Structure formats: C-alpha cells, structure tokens
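Just the one chain here, laid out as structure tokens, in the form predicted alone.
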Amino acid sequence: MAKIELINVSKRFGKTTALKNVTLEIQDKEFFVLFGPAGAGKTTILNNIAGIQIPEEGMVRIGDEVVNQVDPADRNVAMVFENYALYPHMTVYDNIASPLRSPRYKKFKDNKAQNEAYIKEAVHKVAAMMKIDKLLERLPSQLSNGQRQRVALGRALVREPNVFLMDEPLAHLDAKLRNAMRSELKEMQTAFGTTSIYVTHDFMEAMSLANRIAVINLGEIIQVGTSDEIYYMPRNEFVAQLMGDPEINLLECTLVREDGSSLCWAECPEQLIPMPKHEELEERTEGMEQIHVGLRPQNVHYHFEKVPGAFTGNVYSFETIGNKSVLTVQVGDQHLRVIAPNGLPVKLDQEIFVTMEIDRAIFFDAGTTEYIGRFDEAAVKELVAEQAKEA
C-alpha cells in the first residue's frame, strides 16, 4: 500500500490550465474522494497519479518515490473508469485474469502451471468479494450494468495495486444499485486495504464514502476535510452550496448592533432577527456591516398561521423527493427552501409563513464569501474530532 502526495502540481492543455498548484496528501489505506462540478479537474488529478498525463510543474509521489517520469505500468496503480471497458470476447473469468496474464504482472514467469494456479485462486477470491463468483463463465453482453461494473472493479483489484483510482464508476447505475454499491465499495476498500481515490460530482457519494474529501473547482483545491467538517464548516459559499440537497439558503443581511446584535434581512428590512450572544462570532464580524447568512432547508420552518418572528411569503413550488418534499417559499425576491412532509396541503401562491433557526446559521463574509463562523461551532468541532478518530 502507499501514501500519495501531489506537491504544487500544475497541468495545462494549450491555453487552458486544468490544475493550478495542487497540493494534496492522501494517507496510506485512506478512502479519499475528489468532489466538485464537471470540469473542475478531478479526472486530471487521477490521470497525473496514474501516469496517463504528466504535470508541467510539481511532483507526484507514491510511497517514497517521485513518479513523474515512471512509466504508468510500473506505478502499480489500478484505475476504473466511468465506462467499464471490458473485453467483449472474454468471459468474466478471463477479463478479471487479464492483468495477471500480462508479462509485467506474472508472479511465476517460469512455471505456467504454478502461474495459472495463482491466477485461479486470485480470480475466485476477488469474484467472491465482488459477488460475481457465479458469473465467471458469462460474457460481458450477458451481464447487467451493475455486474459489468463489478467485473471492472474486480479486474482492477485482482493484482493488489498500491493505489486504486475510481473515476465516477457508479455513474451508469440506477439509483437503487448505486446506493447498494456505495456500501459495498467501502467494505471492499476496507477488506483490501488499498489506498483509494474516488472521483464524483454527487455529494451523497462523497459524504457516504470518504474518510476525507477534497472539494475542487477550476483546477484548484478549495477545501480538504472530513464530510462533517466540510458540511458544517464550509470554507466558502461555493462549498456550502455544493454540499447539500436541497441547496442551502443564502440571505443577504445587515448587522445591527444597537441594544444587542441582530440581523436585518434585505428582503424584510423592517423586521429584525435577534441573534444569540456569542463573543467569538462578534469579534470575527467586528467592523462588518453586510454578511451572508446560510441556512440549510431543515433549519427553516413553515407555518400556516402567523407566529412570532415569522416572515410572510407565498408558495412558489412544492416538489416531492422520495420520502420528503421541498417547499419553496418566495419572500420578496428570495426563494427559501424548506423540508416538508409529502402530501402537505398547499397551493401555488398560497400565503404561508416561515421561521428560521438562526442559532444553526452559517455566516459568510459578504465581500469574499469566505466562512466566518456559526453559533454552535464548538459543538460542530467536537463532532468533527469524533469523526476524525473513527476514520
């Protein structure tokens, strides 16, 4: 197994800079997720680790070796792509065995019988782990998408690579199978103990799989941390908006400090939002007039009657998503997303009221969009520390 380091790695394609001074450290046996929108540079990082691409600047280190000039076949790195890339004329058994039959990876080069015995044992071990041991005589055309992906994963793992790279391997699977495969991928990685890097643009995959996540945009690393750390303490508004479905609500607010701190929401300037006393947050916002307040939809609540502190709005939309619904309330020009039960008796344009758990808010600098803090930051840091211990 191996620790992986990227040190000030830059990669360009013509005039386009795909990676800008990327520095990352992935620990031995870690399940590390690269997360970000399309075109962020996630796959380019994998390609530079695998040796498919060479950085113009910086170093890639696997274990104790700088591998910039090492041939891809000599890096002991296995990669699984979004498309399965199976050999259509080979059985499942032969597809999985193919890396072990390559001259570079034969364990017993001078003893064919011994070599085939080793291959058989290794293929059956991986096939059992991937739950495809009853499919070994089938051709890829006789398999479902989920089974093909398992074969592709098994083919990558059979030679026990030091590094396992996965580029959105579950993208073509249906939702039910994708959810099942997430758990199996995590179990598989733990069983094999292989340092794994997984690329996705799905925040649920990132949150459920990763020991740590790197959020990437436009070729730059925005934040690295555990899933709780990034979700609860996002470095900026971009990260906060990526990490959540439904997306976080962001309000433009003015800080009012007369007779205690409060907020004046731009959509309702006549209505103040009282804030709890919090010395550290007050210090961080000293001198600021405008801030952005982030509220997750689960921290905004609807009411059919006016209650103290509620804002008046109208139902803009109501979407059912599985076992929950998203109620969007228009207050002025702002759309507030709220979690609601299925079958809520509402109509479009109906008057409705919303309240906000301001003590669960995340505060951002209105100018830089950088994270300022939150009232329950101490509790969140304890949660993050516990998660780090478990990881």
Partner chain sequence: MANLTIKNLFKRYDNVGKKTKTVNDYAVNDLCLTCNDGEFVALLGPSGCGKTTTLRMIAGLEEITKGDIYIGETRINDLHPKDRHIGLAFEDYAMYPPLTVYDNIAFNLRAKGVAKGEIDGRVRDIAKLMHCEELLDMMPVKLSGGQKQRVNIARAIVRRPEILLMDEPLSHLDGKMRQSMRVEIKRLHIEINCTSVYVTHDQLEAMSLADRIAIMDLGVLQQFGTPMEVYDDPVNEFVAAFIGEPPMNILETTVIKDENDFFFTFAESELRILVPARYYSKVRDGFRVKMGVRPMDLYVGGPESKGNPERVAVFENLGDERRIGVRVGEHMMMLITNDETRYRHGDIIRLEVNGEKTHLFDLETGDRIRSDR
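Remember, predicted model here, so these are calculated numbers, not experimental data. C-alpha atoms forming the largest set that superposes within 1.5 Å between two forms make up the rigid core. Numbering follows the first chain given and starts at 1.
What follows is about the form predicted together with the partner chain, which we do not show.
With the partner chain left out of view, the stretch that reaches within 4.5 Å of it through heavy atoms in the predicted complex is, among 145 to 153, 71 to 79, 96 to 104, 265 to 273, 145 to 153.
Checking Arg159, Lys186, His278, His301 against the partner chain in the predicted complex, a heavy atom within 4.5 Å turns up for just one residue: Lys186. The partner is absent here; in the predicted complex, the one residue of Thr312, Asn179, Gln290, Ser141 having a heavy atom within 4.5 Å of the partner chain is Asn179. Contact check for Gln241, Asp245 and Ile321: all three have a heavy atom within 4.5 Å of the partner chain in the predicted complex. In the predicted complex, the partner chain sits within 4.5 Å of a heavy atom of Asp228.
Although the partner is absent here, Lys29 sits far enough away that none of its heavy atoms falls within 4.5 Å of the partner chain in the predicted complex.
At the 4.5 Å threshold, heavy atoms of Ala128 stay clear of the partner chain in the predicted complex, well away from it. In the predicted complex, Leu348 approaches the partner chain with a heavy atom inside 4.5 Å. The partner is not shown here, but in the predicted complex the stretch 202 to 221 reaches within 4.5 angstroms of the partner chain through a heavy atom at Phe203, Met204, Met207, Ser208. Core-superposed comparison between the shown form and the other one: the Cα of Lys306 travels less than 2 Å. With a cut-off of 2 Å and the rigid core superposed, Cys268 has a Cα displacement that falls short of the cut-off between the shown form and the other one. Positional change of Gln189 between the shown form and the other one reaches 2 Å or more at the C-alpha, relative to the superposed core.
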